[in-house]
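Coming up is one lone chain in C-alpha cells, specifically the form predicted alone.
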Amino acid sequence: MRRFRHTIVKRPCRAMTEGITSGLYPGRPDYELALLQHDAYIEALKQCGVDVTVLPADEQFPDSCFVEDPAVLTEKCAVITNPGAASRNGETVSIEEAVRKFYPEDRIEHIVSPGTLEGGDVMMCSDHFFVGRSERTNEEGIRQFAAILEKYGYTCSEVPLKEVLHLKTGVNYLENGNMLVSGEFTDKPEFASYRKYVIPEEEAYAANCIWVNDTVIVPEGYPEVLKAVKSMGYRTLTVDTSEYRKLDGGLSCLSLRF
C-alpha cells in the first residue's frame, strides 16, 4: 500500500472571508477561528507521519488556502492545474514554486487553456484516477490530464457531475477498496467495484474525509460518518472545519498529500 511522506498546506488569509461560496452552508467565515482550525489540521497531518510544508498566506487570493485545486501530486509526477474559477488562476504560481522542491523539472506537467482542471475534481484510486467533469473542470482539461497520466503509466476516467461543486465533495476513496459516497454518487456505475459506505444526507458534507497512512481524518461533528469509518478498521482523528465549510471547502481541499 502506498504511503504519503509529504504534505503542503497554505495559511488562510484575511481575505478568505470574501472567498467564493455557493451559500449552501451560510455564514461568513470567522478568520481567527479559521486560523485555529488550520493549526489543528496541521497537527492532525503530523500525527499521520508526514512532514508538512506550510506556505504563507496570500491576500491576493481569498481561496488560496484550498491548495488541493491548483495541483495534483502523484508518486511519479506533479500536474499544475488551470483552475476553472478565474479568480484562482494566479494561485498556481506559488504552488509550483513549492512543488519544485519535491519534483524534478521533467516531472512537472501543466494543464493549459482552454483546458481547465481543479484538483478537487481528481480522486486517486491506486493507479487509476477518476476526474469529475464539473463547472470548474472541462472536457479539454480532462483530455490533457489523461494524456499526462498515460505517460507515467496511470489510467483515467471521467465522472460527470450534476449536483456538487467538485467530485470529492461527495465521494472519497479511503484505500483498501473502501469508498465514502453521498448524494448523486451512491449509485454511480463508475464506482460499482468498490465497497461503498453511503453517507446519510444530513451528514453529506463529511463524505469529504481524507486517508493519510491508514489514519482517516474526519470532520468534527458527524457521528454517523465517524462510526462508519471506524467500522472499516481505521484509526481516526477529527478536525473542526466549520469556517471552511462556509466556503464549500472540506478536509481534502486544505492540503496536497503525496
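Don't overthink the numbering: it's just position in the shown sequence, from 1. The structure displayed is predicted, hence computed values, not measured ones.
Below: the form predicted in complex with a small molecule, not depicted.
Heavy atoms of Glu243 never reach within 4.5 Å of the small molecule in the predicted bound form, leaving it off the interface. Contact check for Leu165: a heavy atom falls within 4.5 Å of the small molecule in the predicted bound form.
For the chain shown alone, Pro12 is not a contact residue for the small molecule in the predicted bound form, no non-hydrogen atom being within 4.5 angstroms.
Under a 4.5 angstroms non-hydrogen atom cutoff, the small molecule in the predicted bound form has Leu247 among its neighbouring residues. Considering the small molecule in the predicted bound form, the lone stretch of 184-192, 149-157, 98-106, 165-173 in range is 165-173 [heavy atom distance within 4.5 Å].
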